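Only one chain is given next, in C-alpha cells, and it is the form predicted on its own.
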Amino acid sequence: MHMKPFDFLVIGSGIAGLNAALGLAKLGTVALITKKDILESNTNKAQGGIAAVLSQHDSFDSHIADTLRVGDGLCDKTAVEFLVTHAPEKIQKLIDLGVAFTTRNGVIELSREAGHSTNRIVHAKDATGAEVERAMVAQAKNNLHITLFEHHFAVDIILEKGKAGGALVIDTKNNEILSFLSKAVVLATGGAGQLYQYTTNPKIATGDGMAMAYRAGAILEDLEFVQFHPTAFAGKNGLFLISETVRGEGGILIGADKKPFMHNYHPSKDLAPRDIVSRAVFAEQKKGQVVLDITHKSADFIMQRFPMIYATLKGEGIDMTKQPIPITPSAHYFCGGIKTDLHGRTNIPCLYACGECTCTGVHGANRLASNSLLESVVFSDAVVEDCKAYSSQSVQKNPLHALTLTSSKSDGLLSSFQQIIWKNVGIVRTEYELQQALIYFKEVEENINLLFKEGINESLMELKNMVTLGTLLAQAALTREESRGCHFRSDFPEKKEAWERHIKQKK
C-alpha cells in the first residue's frame, strides 16, 4: 500500500468539494479525489439555480422567513441567517471564478421557485449546476496546489489518536489501495439518491461520505428527511429532472381528469413546497397519469428559458411547447446527513464536511428550492476559514492498513435493496413497512459480510454504504412518530407537540 501525504484531503468534486479545494489550495497542497470523472456529481445535474437576495424588492428577512417556513419548524435559525446573509457575496465570488449567470439588459436575471415569496433564483438558463462545475473545474485543473485523483474511491477515514488523518482509497483504474494522509479531511461526497429505485441523482450518489463518517464515529442527524422531487420524466436513459423553475415560470400540474389539482392541497397551488407537491402527485397518480403543462407560454419563451429541458424532451419525442410533460416523483435530496456546525466541523477533530452530505440545520424538515448550491458554497468557505489553524502543522505518518481487493459482484442485492427502500421507506411510510425494511436490510448486510471475507471493491463498498445509510434512515423514520416536511407517516399523519417541545429544548 502506497502513502500519499498532502496538507489537505477533499473527497468529492461537486460545488462544495471544488470550492473547498480552491480555498484550501491557498493554505497548502490539496488532494482532490473523486470516484468517477470530475464532472460526475449532483451539482452537474442541478438545473434550477442559487437562491440569493439581490433585488431591492427582496430582503434577508424574507429569504430567512421562506426557508424557516418550508423547513417546517426544524431549521436552525442561526444557520439559516448565516446562509442567507452570506449569499450575495458568494454569487459575486462565483462570477469572479468565471460562472456565467443568465443576465437581462446587463443585470442578473432572477427567477422564482416553489416556496419562495419573490424572484431570487440566480441561474444559468436551466443548467446552472453544469455552468458552475465548468468554471470551477477549469480553476481546479489550473491550480498547481491541487492534485486531482479521478476514479479513486474513498473507503474509510483514517483515524490517528481520535483525529482524522486521511483516508483509505481504492485506485479503481490501477486496482490498488492507497493511503492518503493529511492534516484535515473534508467530506463533500454529496447525497444518496441511489438508495432508491427511482431517483434523479447520478449513479455516484450512494451516500459514501455519510457512511464513512458514521463508521468513524461522526454524528448523523435528520436522515428521515429525504426530499422527493415531484416532477421527473421517465426517459430512455432513466429519470430526467424537470426543474422546479418550470412551475416557477407558470407550469401547471394536471391530473388524470385533465384538470389542475394543486388547489386542493395547498393555497400556493403549484408553487407549494416540494414535500406537499410530491405527496399530491403521488396521490393523484392513483387515478392515472399526471402531467406538467406549460404550453400556455410562448414557444420562444420556453425554448429560450429551458433550452436543455426542451432539447432533452424533444429527443424523447415530446415537444414541451405543444405537449404536456408526463411526470412522476423521485428521490432527489437528503436534508439530513453528517452533523456539522457553522464552520463545517464534525464531532471528530480534523474531520470536516460540506454540501449535501451534511446536516447544517438550514433545511430542517424540508429544503427550500435552490438553497442547496448556496449552502455548498457558504459552508465550504467556512471550512476553509477554519482550516487555517492547520497551516503550520505537519502531516502525521499513519500506519499502513491491510486490505484485500476482490472482483465479487453484488448486482442482485443492489436492485432488490433499491426496490424495498422505495416501497417501504419512500414518500409515504408506516411502522409496519419500516420494520419490514429493517428486517430485510439486516439480511442484506449479512450477505455483504460474507462477500467481504473475499475482500473489498468499489461496488461492494457502495452497497455496504447504502445499506448502512438505509438502515439508519429507516430507524430514524421509525423513531419519528409524526409527519413533518419530507417525512410522512400515514399512521401518524399529524405533527406532535412532543416534537415541538423537543426542538425547543434542543435550541
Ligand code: SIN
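So that there is no doubt, residue numbering starts at 1 and follows the sequence shown. Just so we're clear, the structure is a prediction, and the values are computed from it rather than from any experiment.
There is also a form predicted together with the named molecule; it is not shown, and the following applies to it.
Although the partner is absent here, residue 270 is not a contact residue: none of its heavy atoms lies within 4.5 angstroms of the named molecule in the model of the complex. Taking the partner from elsewhere, residue 274 is found to have a heavy atom lying within 4.5 Å of the named molecule in the model of the complex.
The named molecule is not drawn, but in the model of the complex it has a heavy atom within 4.5 Å of residue 241. Within this chain, residue 433 is remote from the site of the named molecule in the model of the complex, having no heavy atom within 4.5 Å. Across the proposed site, 222, 429 and 473 without exception lack any heavy atom within 4.5 Å of the named molecule in the model of the complex. Only one listed stretch (88-96, 243-251, 287-295, 412-420) carries heavy atoms within 4.5 Å of the named molecule in the model of the complex, and that stretch is 243-251.
Checking 425, 83, 369, 75 for any heavy atom within 4.5 Å of the named molecule in the model of the complex turns up a single hit: 369.
Annotation for 105-135: the only interface residue with the named molecule in the model of the complex is 113 [heavy atom within 4.5 Å].
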